[in-house]
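The form predicted alone is given below as one chain in structure tokens.
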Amino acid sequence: MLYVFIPHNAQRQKFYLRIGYFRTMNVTAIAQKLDQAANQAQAIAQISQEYTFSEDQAYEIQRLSMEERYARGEKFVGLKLGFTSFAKMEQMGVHDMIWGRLTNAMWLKHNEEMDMGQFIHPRAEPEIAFLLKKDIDKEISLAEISDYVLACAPAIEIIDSRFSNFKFSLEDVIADNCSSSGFVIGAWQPLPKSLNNLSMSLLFDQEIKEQDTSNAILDNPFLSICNASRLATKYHQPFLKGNILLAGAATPAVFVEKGKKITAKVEGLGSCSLVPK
């Protein structure tokens, strides 16, 4: 008979977590749990508190969770990138950006009222959106951007982690579809030769909450297209004509306040807004 000494109190808890690492992880069940948390706007404990898993496994959980949404009738409309700030990547100790999937149910109209009851602890970020004019089935270069991208626009992304207290590991947030929850896109504009050095700001009722330049997005927002094409190809995610890309946040995310109109402004591209209710 094998006897195992289980330490007391805090050490006992760590021991149980370590035992959990060796349990078989049911990725389908975890995906369904995450989908339910998002659908019911109810926070759950981090997956990483019970299991250790890889980035590839996290993306598989994300894919399976999104299949639950598609089965309910939601349609894939594009991709979003996260960790598009080199400083943020260094802070988080990661070597690459992360990505999630967007659906039509997440797409809100300019100046639309946003039902706060559909979210747990939402935050807003100012971004730039891109619209594809042809399918991307390979990693593309900067020189090819104009061949594949039709237009760009100001955007707001609403992120809403399904984990309690908005705390998660890298693998947790990937599995949780990179906290994707909602977004609004302003009027599409012709693609300029450069998107560098544009002032970007996030306002609540005309009060500037965060401000930076478009250079905060990978030093060049066009690089988001290149990296999205690379990641979509790697994970066999179709990225097609008419799909959109949210290029990544230009500033830190700000907690949404009920009743305060959210506006993102991008120099030369215009603005877009949401009204949390």
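Numbering starts at 1 and follows the sequence shown. Not measured: the values here are computed from a predicted model.
Omitted from view is the form predicted together with hexanedioic acid (0L1), to which the following refers.
Between the options Leu203, Ile120, Leu81, Leu132, the residue in contact with hexanedioic acid (0L1) in the model of the complex by a heavy atom within 4.5 angstroms is Leu81. Note on the partner interface in the model of the complex: the residue among Ile98, Ile185, Ala175, Ala124 having a heavy atom within 4.5 angstroms of hexanedioic acid (0L1) is Ile98.
In the model of the complex, hexanedioic acid (0L1) sits within 4.5 Å of a heavy atom belonging to Ala249. Taking the partner from the other structure, hexanedioic acid (0L1) in the model of the complex has a heavy atom within 4.5 Å of a heavy atom of Ile159. Interface residue remark: Phe76 is not counted as part of the site for hexanedioic acid (0L1) in the model of the complex, having no heavy atom within 4.5 Å. Proximity of Phe166 to hexanedioic acid (0L1) in the model of the complex falls within the 4.5 Å heavy atom cutoff.
Just one listed stretch, out of 151-159, 107-115, 68-76, 188-196, contacts hexanedioic acid (0L1) in the model of the complex at the 4.5 Å heavy atom level, and that stretch is 151-159.
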